[in-house]
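A single chain comes next, written as structure tokens; it is the form predicted alone.
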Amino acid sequence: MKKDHEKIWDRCLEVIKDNVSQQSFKTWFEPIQPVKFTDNILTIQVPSQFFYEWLEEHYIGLLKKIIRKEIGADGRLEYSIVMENSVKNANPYTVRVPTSNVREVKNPAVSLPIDVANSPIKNPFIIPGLRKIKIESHLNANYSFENFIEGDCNRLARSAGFAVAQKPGGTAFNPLLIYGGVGLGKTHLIHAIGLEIKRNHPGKTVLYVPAEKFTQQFIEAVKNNTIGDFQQFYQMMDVLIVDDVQFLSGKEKTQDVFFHIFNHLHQNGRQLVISSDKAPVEMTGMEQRLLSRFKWGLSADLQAPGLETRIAILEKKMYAEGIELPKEVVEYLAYSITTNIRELEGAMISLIAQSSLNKKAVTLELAKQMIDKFVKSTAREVSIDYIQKVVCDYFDLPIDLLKSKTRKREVVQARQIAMYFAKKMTKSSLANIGAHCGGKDHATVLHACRTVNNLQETDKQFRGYLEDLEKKLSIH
């Protein structure tokens, strides 16, 4: 059965609900806890000094009217304010507000640790001195789930991210740690999670911050003696998204404050989303207690995209930019740049820019020249996959057939030619070439190369095949 103070506050909330927006109600009134009701004084507990000041500045008129209506003209409202600092929680202190216009500030037991009237929490994202705090999420609207291409390389991370976005803080994926190499879409995915949360839960406070920015803000807070404000600001978030958390490596004090923020948010059912270039087990320079917390939820990796995913990414980018490229050019880009999506998209943009500046049509020849400059030595050799594709297109064979165990003469010949060019044009080992051609061993590849060398000396038509294919495969 509800106690008197709970019943009174419930009645107050009913009236407040009708007088403020749903978002404001969720942000500023749902977190308030009624504590007691004695001598016509209703005591409510608010989470922080900043919270108290915000209510005072924006809602005190409304609160006075409601208290007068529910308790009577002699009614009083008293705030119990939980003060937090970077070490431990101090005792709550109280501020009593009468329903008359004269404000009464009392606390017989504890003196106020800070100046109530003049100490709003400093938002580390805005210019110092601005009193009102508007919390921007700092999310990039272009990095949405709609623009994120799903493939085998990222399916787990994307699915977990989407689940978190539907029910932030309410899944087992808290924290959600997304990790993977450079240019594989970590930043895109964590922004997409934030944007989806804002769309599904407009009342939630979502904040994206790169770990480097977080560190800079902490250094500023130390210099200005505002560490308590810094920590309280981050503890107000419903969803905190930290990018490139590996930047905290070796920074003990920053890790310490992040540890306290992490604990507070996690214990209060708030969602944490973190990205890193390494899995927790491979991170160095991180405190063990922080690493153990990273493992509480789900760690999902982003791998290098497969060929189909790379082609889909390029097609999506072309559609978004409203441009068209020949199919053979798109395939060449997708076959040539295999490990970095950012580099892949950059190569396409560079190609289009070069084409329009030099007033040349986008051709396979132009793509080959540009790729050679763009990716320098890493892309100077063609990939085995691309060699197989060109050979199969030339002989009009499906690539699956080339990799199969069939002994049909035309397939065996195409397979041997693919092996020959793979040995000639790449640095791959014979075993690796064989593995790409349907699990053949190195002896089979060696035999294939000898056969092709013999045939080109004795068979004019066969020599023509090789010359045509060499032109197609040439990167110059």
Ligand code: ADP
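Sequential numbering from 1, following the sequence displayed. These numbers come from a predicted model, not from an experiment.
What follows is about the form predicted in complex with this ligand, which we do not show.
| Single option in V182, A73, V281, L357 placed near this ligand in the predicted bound form, where near means a heavy atom within 4.5 Å | In short, V182.
| field | Y234, Y335, F148, F294 - the one with a heavy atom within 4.5 Å of this ligand in the predicted bound form | value | Contact check passes for F148.
| task | Check whether K186 has any heavy atom within 4.5 Å of a heavy atom of this ligand in the predicted bound form, and answer yes or no. | result | Residue-level check for K186: yes, a contact with this ligand.
| Wondering, does I341 line up within 4.5 Å of this ligand in the predicted bound form on heavy atoms? | So I341 counts as contacting this ligand.
| Heavy atom to heavy atom, is L351 within 4.5 Å of this ligand in the predicted bound form? | Because no heavy atom of L351 falls inside 4.5 Å of this ligand in the predicted bound form, the answer is no.
| message | Taking this ligand as it sits in the predicted bound form, is I313 near enough to touch it, meaning that at least one heavy atom pair lies within 4.5 angstroms? | response | Heavy-atom contact with this ligand at 4.5 Å: present for I313.
| query | Where does this ligand sit in the predicted bound form: which of 362-370, 392-400, 248-256, 186-194, heavy atoms within 4.5 Å? | reply | Answer to the contact question: 186-194.
| Would Y143, N154 and E345 all count as contacting this ligand in the predicted bound form, using a 4.5 Å heavy atom cut-off? | Checked in the predicted bound form: all three residues contact this ligand.
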